[in-house]
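A single chain comes next, written as structure tokens; it is the form predicted alone.
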Amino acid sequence: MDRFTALRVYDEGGIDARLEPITLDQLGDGNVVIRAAYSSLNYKDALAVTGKGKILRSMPLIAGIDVAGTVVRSDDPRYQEGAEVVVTGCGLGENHDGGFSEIVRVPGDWVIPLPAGLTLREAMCLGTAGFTAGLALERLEHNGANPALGPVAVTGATGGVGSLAVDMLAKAGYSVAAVSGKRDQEAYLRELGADEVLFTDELDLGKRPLEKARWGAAVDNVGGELLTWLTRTIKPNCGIASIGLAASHELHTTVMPFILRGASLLGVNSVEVPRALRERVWQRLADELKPRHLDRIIQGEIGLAEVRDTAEALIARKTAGRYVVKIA
């Protein structure tokens, strides 16, 4: 453990993500040291290592908002040497050195024991994307969502969160309408369980505050005009889980869906989640929400040296599904 490799991001007049050997005393504070086995490449990670988004709060910093591995040192009595664990969110890879490193050190409160039913690799096939999709479904269900209310629209359906949401919702018995701009991915989305695939260039988004009510729930990954459209077309007393802003951070709507249809707009924040809820969602991901098509959703397994190029492809919308980063 004297020296190990990490993907560290610098701002030296421009963003530069580079592999370099570092030592434990260069890592952020924490009382649990983990030997990483896998991480994953999320959209947020891609923004961080390419400099296309302001994700890192300070630099230099090791990127990677996910990690799964084995405890090698712990001052927290909850975690013994050899325990398999998962860390997602909590500021990892944003304001604290992250998971793109052979060794990771974090506070014990961030650590979740690997649930029975998942391997370390499967946990990172899910990662923050899977956790976010599971958290969205948890929030929608708490709001009253159930399959009898009608189809669920999933925007940005070919992305990591979108793909996993389509799979989880279909497995849970919902009829899923996948919304995507990628015509060449229709077969992929139907394989995951989508009953209908809607292409964004064919959608009539409407202009009225309320359009024909279609959706018993929705999971939105893109924001902007599509989220506005969902507020116009959600059924009475149903909810929209707002997850991402791949298209836009803006939302132009009226209060009418909320006061005339009783619609709910449910924000999903996968970073700051109460520990009890985090543990419950991870357990569900290992049990009834475990996607049936993880191997199909995973587009490839890459090493740390391939993260930067793959991140560029992800930002350019040349990818679908998820990439696992093999560390060990």
Ligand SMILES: NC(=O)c1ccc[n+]([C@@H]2O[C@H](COP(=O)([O-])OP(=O)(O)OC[C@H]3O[C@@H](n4cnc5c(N)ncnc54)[C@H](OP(=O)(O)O)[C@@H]3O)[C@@H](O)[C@H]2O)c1
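The model shown is predicted, which means the values in this text are computed figures rather than measured ones. Each residue number is its position in the shown sequence, starting from 1.
The discussion below concerns the form predicted together with this ligand, not included here.
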43, 158 and 181 - do all three of these have some heavy atom no more than 4.5 Å from this ligand in the predicted complex? yes
Tell me the stretch among 73 to 81, 97 to 105, 242 to 250, 166 to 174 that has any heavy atom within 4.5 angstroms of this ligand in the predicted complex. 242 to 250
Looking at 222, 194, 92, 137, which is the one with a non-hydrogen atom within 4.5 Å of this ligand in the predicted complex? 222
Residue 26: heavy atom within 4.5 Å of this ligand in the predicted complex? no
Please run the contact check for residue 18 against this ligand in the predicted complex: heavy atoms, 4.5 angstroms, yes or no? no
So in the predicted complex, does any heavy atom of residue 314 sit within 4.5 Å of this ligand? yes
Can you tell me if residue 88 lies within 4.5 angstroms of this ligand in the predicted complex, counting non-hydrogen atoms only? no
